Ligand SMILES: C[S@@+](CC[C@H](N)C(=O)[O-])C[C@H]1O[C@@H](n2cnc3c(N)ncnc32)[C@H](O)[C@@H]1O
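Shown here is one chain on its own, the form predicted alone, set out as structure tokens.
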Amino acid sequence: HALYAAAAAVLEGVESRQGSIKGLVYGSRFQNVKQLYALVCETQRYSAVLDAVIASAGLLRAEKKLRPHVAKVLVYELLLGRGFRGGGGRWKPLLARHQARLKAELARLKVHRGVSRNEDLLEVGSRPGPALQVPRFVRVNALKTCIDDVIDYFKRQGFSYEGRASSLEDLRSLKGKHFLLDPLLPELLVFPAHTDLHEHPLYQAGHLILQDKASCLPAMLLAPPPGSHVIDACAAPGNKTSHLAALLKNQGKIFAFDLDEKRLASMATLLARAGVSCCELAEKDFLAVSPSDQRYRQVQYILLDPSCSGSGMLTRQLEEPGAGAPSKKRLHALAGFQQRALCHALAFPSLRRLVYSTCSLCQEENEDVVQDALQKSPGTFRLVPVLPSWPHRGLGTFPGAEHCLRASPETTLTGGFFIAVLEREEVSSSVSQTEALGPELTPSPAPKRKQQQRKLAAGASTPPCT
């Protein structure tokens, strides 16, 4: 009941131009913002279809107290969504009275337009393309459980585990209740696209993190060892922060900064659910954090994932179907901030390794920002070559740009992403080339047998992710 009311309020706010879907969702008091965001985006995407069905069925004429935006959310859930499996409160019996008529009108609309699938009712710009067909990636939270136990749990629920994937084609062909272990990240499970796990007990208990594979790469490539001091410069909503904490095994310190009070509050809830205890949150502009402050004198690792255009985000395609590239003016402003943030991060005196990442596809926010930072600190930091077999590399705009990583639905079956790993030049040669190239050269073992599972469950340490 609360979910549908919140979704209707967001839709009404968007229609009256009170803000964007994302802003209104994060500004709501609904606890599960991801679930709310997904419902609003899907309802918005099918808005014209829902309006036609509701009008043809005469729903609002029959139920005069039912508000239009609530009706739209409810009819989406009944006809195209979960079918009120998650509840529905007092609205469920109300919709049940009109269920047959609504379904008949949806079927009639398909016949009229000569289509057989719901998705074919969408306008061309709103249909799910490759970006919306990427698999569902699920990171197992090593602070609360281990990969073997999670696999067993899903198998007991009727899922079929297919082992470690060997290619992108394995991921692309996933269907039904089959799932795989990602070929690169040893704590990442892969399910078919659109698998909804928001109501799953392991997710709600913080044992699982629903996180795109590309978004898991920054923490994995930063690879801070347990006991390290780390800065997460622009931290909310917190998935990467929780990943860093898992890599640290909650040993050490994460200083996490973000300016948005509401996003930071949501992040605090996420981190608490994930069992993170080594993180210090601060509602603060990272650019206002002094590198000479004694609290950060031991910081050797920084993850910088600054505000960006979001042009690679899968959810942006849901929220803004057919949206074009960001304007040059906006890109110029974003790139200016990103350049300042990266140069500021490189000024921390004990810094050894930094990962710069964005969920943008634009060169101005990616290669150009990295090139600018390297030119302003010549001989101090270098780009580290990572994951040599990763198929999508940085644009060749300057020497060494091929060491950067890019990701996209078409080439890596992930969201659009950019990642650069920078390392201080005088870092001693004890940092091996194998470590610099990344974990693909030192693959973790596949999930172990029952006896080893019981040892892990009893408190033995989980195999490191890198």
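Heads up: residue numbers just count along the shown sequence, starting at 1. What you are looking at is a predicted structure, and each value in this text was computed from that prediction instead of being measured.
Just so it is clear, the following notes concern the form predicted in complex with the named molecule, a form of the same protein that is not shown.
Transferred by C-alpha superposition from where it sits in the model of the complex, the named molecule keeps all its atoms beyond 2.4 Å of the backbone and C-beta atoms, leaving the site open. Think of it this way: in the model of the complex, the named molecule has a heavy atom of just one of Asp293, Asp196, Asp152, Asp285 within 4.5 Å, and the residue is Asp285. Distance criterion of 4.5 Å from any heavy atom to the named molecule in the model of the complex singles out Pro306 from the list Gly394, Gly206, Gly252, Pro306. The stretch among 158-166, 93-101, 236-244, 222-230 whose residues place heavy atoms within 4.5 Å of the named molecule in the model of the complex is 236-244. The named molecule in the model of the complex is approached by Asp260, whose closest heavy atom lies within 4.5 angstroms of it.
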